[in-house]
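What follows is one chain in C-alpha cells, specifically the form predicted on its own.
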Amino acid sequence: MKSINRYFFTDMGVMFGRSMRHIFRSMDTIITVSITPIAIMLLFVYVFGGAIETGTENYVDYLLPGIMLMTIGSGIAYVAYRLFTDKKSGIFERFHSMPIARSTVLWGHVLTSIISNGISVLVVILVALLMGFRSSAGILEWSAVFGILSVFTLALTWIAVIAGLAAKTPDGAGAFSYPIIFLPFISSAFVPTDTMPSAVRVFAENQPVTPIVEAIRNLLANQPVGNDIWVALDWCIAIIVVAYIFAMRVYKKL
C-alpha cells in the first residue's frame, strides 16, 4: 500500500498519457464537440441577435460565456463513453491486477477531459474572434476565466464518470449530458433573467450556470465580478465533492 501511495502521481501520469493518446489519435472529437456550440453561436448572433436586447453593443460578447459552458457540456459526454468502453473491454480488471492506485485509472480520464475540453473552448473563442468578439481583459482576468472553466469542467467530468461507470449501453453513457448542454438556455447566458417569467427567473437565478456565466462575462469585460465568482466556485466545489464520492462508490463495485 505504501508503494502504491508513493507512486500515485507516476501511475496517474501513465494513465493520463494513455488517455491523451486516444484523444490525439482521434482529433475529430475536438471538432465534433465544438460544432454544436459554434452553430448555436452563429444562429443567435446572426439570426436572433438583432432582436435581443442585452445592453451590450456586441451580442457575441454577451453570448460567449454561455457558449463556452455548452462546449464543455458537450465534451464530457465523450468521457462517459470512453469509460464505458474501458469497462466493457475488461481493461479495468487488468489494471486492478497491477500494483497501482485504483483511482489513477479514473484520474487519467478526468485530467484528459480538462485538456481536451480546454482545446475545444479555444476553438470556440477563435471563431468568436472572427465574429467580432473583443475583450478588454488582461492576463489575470483571462487566467481567472480559464480557472473557472477548469473547475467547471472538473465538476461535470466527475458526473460523467458516474454515468460512464453505471451505464448499460453506449447511448446511455452519453445521454446524461443533454440536460447539461441545454441548461444555459435557462440562465442569463442568452438573455438577461429579468426578461423571464417569474417562475423561470427564480430557477434561472438560482442554478449554477448563471453565476458562472456572470462571473466570466464580467471578467472578460474587465468589470468587477462581485459575489458571482464565489457563488460559482461554491457550486462547482459542491458538485465535485458529491460527484467524486458517488463516482468512487460506483467504481469500487466494479
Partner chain sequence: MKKNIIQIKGVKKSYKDVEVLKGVDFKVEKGSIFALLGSNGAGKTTMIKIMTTLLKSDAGSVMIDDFDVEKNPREIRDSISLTGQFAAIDEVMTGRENLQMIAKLRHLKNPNQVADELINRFGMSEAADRRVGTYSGGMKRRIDIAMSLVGNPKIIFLDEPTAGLDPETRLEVWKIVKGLSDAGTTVFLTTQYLEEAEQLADKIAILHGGKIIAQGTLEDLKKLFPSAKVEYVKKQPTLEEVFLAIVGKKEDK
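Since this is a predicted model, take the numbers as computed values, not measurements. Numbering follows the first chain given and starts at 1.
The following text describes the form predicted in complex with its partner chain, which does not appear among the structures shown.
Contact with its partner chain, judged by heavy atoms within 4.5 Å in the predicted bound form, is confined among 168-176, 92-100, 110-118, 131-139 to 92-100. Although the partner is absent here, Ile237 lies well away from its partner chain in the predicted bound form, with no heavy atom inside 4.5 Å. The closest non-hydrogen atom of Val14 lies within 4.5 Å of its partner chain in the predicted bound form.
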